[in-house]
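We begin with a single chain expressed as structure tokens, specifically the form predicted on its own.
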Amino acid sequence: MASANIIHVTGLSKSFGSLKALDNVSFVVRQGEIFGYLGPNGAGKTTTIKILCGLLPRQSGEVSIGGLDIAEEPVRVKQRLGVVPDESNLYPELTCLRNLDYLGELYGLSRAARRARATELLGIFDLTDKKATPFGALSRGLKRRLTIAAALVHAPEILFLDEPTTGLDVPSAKALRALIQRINQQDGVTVFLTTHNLFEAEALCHYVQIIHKGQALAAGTAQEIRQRVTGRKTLEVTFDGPVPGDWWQVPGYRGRPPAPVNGRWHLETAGQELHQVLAFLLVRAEAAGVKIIDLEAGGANLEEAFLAILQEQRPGKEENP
């Protein structure tokens, strides 16, 4: 589990002309953890990764990775990093095996070592049967797997993942999350994960940092972030039959009309009104001639806490690209 700080960022700022992409951002990442860097599109997540990986100069602030400054010792730092961009940089005409073998060659591995490492990674990522398949012929999900495998060829200490499951179907995204956990738990790789998928962050991350419009808003475990949103409850309701379209318009409900997922409805309510909402649901169910067959109440999840934190920010500022 996490111990010493492996990434230390203090007062990081970056502007593109008059647009401030990062504004005095600070955070630490502990060795061995999955660190979630969360924010909506345009929050500054990708800009941060590019600076930490030496692909973009910072304007001000300090960045230490394993005790080294990326600006002063870029080669030594990059040897310790694996980077998975939002779009793959592998060669579509090369086979899966050849892509990994070629990257091993670029990292200076011997022929025997890089072939053994490529074979090992194909096995870990369940791609052995695709070793002779050109990368360009793979499905989107398999392309993401091989792209992550490629970032691990040189056995880096830190893996940067930029929106790894974007565009994947549900089974592919689930499989990829399992692989990320395996890399972290079994191989001890520190993972820096950017995402706007709050379910993914809650499932994977030991620690999260919320960033919005280039500013760090909140940091902590998912539980600590959730605890910032007080007085809210969530309800998961399942009926034994169809219900009227406006049944959810009950006292205390906040947000957009819920949509059922596998027949299960999700509502958010103010905690002090929970009893009133439950009573009203029973009345509505009785009037519709249906029964509530399952009901579960809980506190705010990470997504709800995230949205509440964003709503606390003053309006009127332009989004960052």
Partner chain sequence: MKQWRRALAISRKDIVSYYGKPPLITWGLMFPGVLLLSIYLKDPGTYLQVSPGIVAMTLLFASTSMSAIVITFEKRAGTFQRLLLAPLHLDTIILGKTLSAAAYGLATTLILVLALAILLGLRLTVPGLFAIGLLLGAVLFALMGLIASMVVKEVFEAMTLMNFFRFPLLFISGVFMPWAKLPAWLKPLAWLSPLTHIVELLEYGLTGRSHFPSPWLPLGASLAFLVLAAGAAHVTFQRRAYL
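Residue numbers count along the first chain shown, from 1. Treat the numbers as computed from the prediction; the structure is a model and nothing was measured.
Keep in mind the form predicted together with its partner chain is missing from the figure; the text below concerns it.
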Interface segment, criterion being heavy atoms within 4.5 Å of its partner chain in the predicted complex, picked from 190 to 198, 214 to 222, 120 to 128, 97 to 105: 97 to 105
Within 4.5 Å of its partner chain in the predicted complex, all of 182, 184 and 208 (non-hydrogen atom): no
Close approach of residue 32 to its partner chain in the predicted complex, 4.5 Å, heavy atom: no
Residue 288: touches its partner chain in the predicted complex, heavy atom cutoff 4.5 angstroms: no
Interface membership of residue 134, its partner chain in the predicted complex, 4.5 Å heavy atom rule: no
4.5 angstroms heavy atom contact with its partner chain in the predicted complex for residue 114: yes
The unique member of 235, 168, 142, 90 whose heavy atoms fall within 4.5 Å of its partner chain in the predicted complex: 90
Heavy atom within 4.5 Å of its partner chain in the predicted complex - qualifying residues of 70 to 88: 75, 78, 79, 83, 85
